[in-house]
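Encoded as structure tokens, the following chain is the form predicted alone, with no partner shown.
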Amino acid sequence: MTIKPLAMRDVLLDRIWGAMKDDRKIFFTSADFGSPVLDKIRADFPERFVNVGIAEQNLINVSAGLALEGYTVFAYAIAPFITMRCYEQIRVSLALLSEVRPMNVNLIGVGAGYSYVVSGPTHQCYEDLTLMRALPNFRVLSPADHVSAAALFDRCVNTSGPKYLRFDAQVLPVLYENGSPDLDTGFHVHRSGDGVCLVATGYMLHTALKVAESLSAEGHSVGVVDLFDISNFAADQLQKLLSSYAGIVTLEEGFRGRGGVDAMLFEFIARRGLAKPMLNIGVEGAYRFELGSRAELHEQVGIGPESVLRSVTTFVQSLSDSV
């Protein structure tokens, strides 16, 4: 049965709404950001819903206070605003304080990468992967479709500590038709091979799968891995997987070479002694003000399917030449 694609935020909010009926320890906070499902939460559980207004710094501090009182808190805002506008509060009230006090705060950031495409660079979000993974005690979760996004609810309520959920604002095609990935592993293998492995997160998993199809049609053996838990994946299992490939490519809808997924995997590979050639694909470190579709903007900054295919093809050729 084909699963109808849905918005990530709606499926997670629906799970939160359903759980709030039985779990009176779930509290929801919002920074003047809405959706139809959120209206149900506000209407049905007004005593456990707070809209702090356009005040993300206050959102973090209120959420931290509620968590210290024993609540499991979900805080909701646009991705660049719930990360960058209140970064000091996140650092002090969540990352630092969670070192000494048990707390469960889950930041839902909607609008990863270019998903608010027509709103320009103020509302687009390329820096959050770097910023949030830099914080100790924080878990960064980056799903690629609504099925995996909904599954993260279980991780949120059953695992203590602060977390950042990086959600796309657009409705994306379903990639997990047969059920959600293994949350304990933190990554999922979509394709296996032995040539080059494309390790992608979030929206870029869709691009990785398209590129893999093209490369496979040309006779190349390509693997594709969805790295949805950027902070707490099963390291030994990922090491074993990557060791079987000749080269590794990282794909992220964030700035390249600025401390995001590429830096994390580069450090992981070096620390684990894998000594694998790597190609890092991400947005060049500049802001752009052109308008266009997401596909058009992705090609302009080097992360669209055509651009990625050219880059990976060159990389694969270099691996063949070095043998």
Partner chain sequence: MNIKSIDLSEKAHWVWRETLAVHRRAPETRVASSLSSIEIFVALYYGGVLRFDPAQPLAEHRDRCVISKGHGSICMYPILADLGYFPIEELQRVCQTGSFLGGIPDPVIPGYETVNGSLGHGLGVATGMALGLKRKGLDRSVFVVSGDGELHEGANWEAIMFASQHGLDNLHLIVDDNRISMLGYTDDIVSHGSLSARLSAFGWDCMEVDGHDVLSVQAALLQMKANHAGKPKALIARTLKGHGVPGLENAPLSHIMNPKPELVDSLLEQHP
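A quick note: this is a predicted structure, and the numbers were derived from the prediction, not measured. Positions refer to the first chain, counted from 1.
Not pictured, yet referred to below: the form predicted in complex with its partner chain.
Asks: Okay, which stretch from 111-119, 139-147, 191-199, 94-102 lines its partner chain in the predicted complex, with non-hydrogen atoms inside 4.5 Å?
Replies: Flagged stretch: 94-102.
Asks: Heavy atoms within 4.5 Å of its partner chain in the predicted complex: does S180 have any?
Replies: Answer no; every heavy atom of S180 is more than 4.5 Å from its partner chain in the predicted complex.
Asks: Hey, in the predicted complex, is F153 touching its partner chain, heavy atoms inside 4.5 Å?
Replies: F153 lies outside the contact set for its partner chain.
Asks: Does at least one non-hydrogen atom of E88 fall within 4.5 angstroms of its partner chain in the predicted complex?
Replies: It does: once its partner chain is placed as it appears in the predicted complex, E88 has a heavy atom within 4.5 Å of it.
Asks: Hey, in the predicted complex, does G273 get a heavy atom within 4.5 angstroms of its partner chain?
Replies: Close contact is absent here: in the predicted complex, G273 is far from its partner chain, nothing within 4.5 Å, heavy atoms only.
Asks: Quick one: from Y245, F81, Y126, Y71, grab the residue that has a heavy atom within 4.5 Å of its partner chain in the predicted complex.
Replies: Residue within 4.5 Å of the partner: Y71.
Asks: Which one, V62, A263, L297, V37, lies within 4.5 Å of its partner chain in the predicted complex by heavy atoms?
Replies: Flagged contact: V62.
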